[in-house]
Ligand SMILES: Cc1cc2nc3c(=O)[nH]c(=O)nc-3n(C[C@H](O)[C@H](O)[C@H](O)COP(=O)(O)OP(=O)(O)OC[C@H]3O[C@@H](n4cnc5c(N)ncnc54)[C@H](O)[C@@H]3O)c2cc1C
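Below you will find one chain, with nothing else, as structure tokens; this is the form predicted on its own, and questions on how it binds or moves follow later.
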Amino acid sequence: MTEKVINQKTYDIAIIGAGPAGSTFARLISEAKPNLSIALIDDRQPDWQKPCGGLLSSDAQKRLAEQKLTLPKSVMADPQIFAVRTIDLEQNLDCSYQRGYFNMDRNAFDEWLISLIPNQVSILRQRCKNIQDGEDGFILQLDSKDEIKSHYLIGADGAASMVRRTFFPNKKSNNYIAIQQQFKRKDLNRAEYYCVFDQVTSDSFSWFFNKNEYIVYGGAFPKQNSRACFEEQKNKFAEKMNYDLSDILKTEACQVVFPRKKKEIFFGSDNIFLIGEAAGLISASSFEGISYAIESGKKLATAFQNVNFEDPIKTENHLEFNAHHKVKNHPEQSLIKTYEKLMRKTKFKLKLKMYKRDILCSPFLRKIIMRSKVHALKFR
């Protein structure tokens, strides 16, 4: 039996996902073209936390600086750590390297980016249950039984992207399971950030850090037996580094993109666009994705800004879908090709990160690098 539609609204653009990619695109395109009607759909709750280190890399900081954005104090987490201690549990290796990460509350960071979006954007805190390609646009079914129509569809919905799975099932990405646990921080004087390798439990790496009154251990694992591998690795780390990780406060898990090939990076087709992790934009060597999310949101907004739209015929509530609201013919490239061209350097950079991942995650090569002590910090 078909569910009865309670309400139906129409938009020029529907964005699925309000992470850094979706919120950046929504903000920039609405500022550049305030007459466009835009819906941003995301079902995250105030207490929801993505299994993420919540460390803002120097590249992500640069992306924010380029947009003249400064972080509010409410986003900051304690302590700020300036070095990462890299350990190999299997090969008994231990080195520390300087890093310029900013320790932050990831959920507060995402909410801050959302707060910057102009009021004309409709922010819908709901789950998108289904997406269909209709004759005059896309039809999105929401949890509330409302329906949305849109001419353009933006997939900013992460590694398990519904947009990518629905419309591009052959464009598969290599996904791992990110698992993270939170514990009470008992020793406030001990503040360290670890990058953990253990070839027995994962061919990727894990992370351990302090955040406010908590300590967090997390990592990326192949889907098969991921939870058992996580527990085995966590216990090995706790024993070796003398941490008590028995008092678990919270366990979180989600899929994370772990790109191995350049073809896994895909930006969409026709009137469907993928940004952030949904496009496969994440570093294979560090799982850093915030900088690429912000960059792809900005580049897609730039592609849209360079397109001339015919003046839409708006109704009183500015939500009436206008089938004649079309893109004028571009003399050189279509919208998707313009976006792909703008992301060409980023795609090449991510390919280099895949090579770097192959080096770092090779036990033999990692052993050579860490024993050489190149760029390692020297402590008394």
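Note that this is a predicted model, so its numbers are computed, not measured. Numbers follow the displayed sequence, beginning with 1.
The form predicted together with the named molecule exists for this protein as well; it is not shown, and the discussion that follows is about that form.
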Any non-hydrogen atom of residue 343 within 4.5 angstroms of the named molecule in the predicted bound form
no
Heavy atom of residue 106 within 4.5 Å of the named molecule in the predicted bound form
yes
According to a 4.5 angstroms non-hydrogen atom cut-off, is residue 232 in contact with the named molecule in the predicted bound form?
no
Heavy atom to heavy atom, is residue 197 within 4.5 Å of the named molecule in the predicted bound form?
no
With the named molecule left out here, work out from 82 to 90, 115 to 123, 272 to 280, 232 to 240 which stretch has heavy atoms within 4.5 Å of it in the predicted bound form.
272 to 280
Considering 206, 201, 180, 150, which brings a non-hydrogen atom within 4.5 Å of the named molecule in the predicted bound form?
180
Have a look at 256, 215, 265, 303 for me and say which one sits with a heavy atom within 4.5 Å of the named molecule in the predicted bound form.
256
Going through 131 to 159 from first to last, which residues have a non-hydrogen atom within 4.5 Å of the named molecule in the predicted bound form?
156, 157, 158
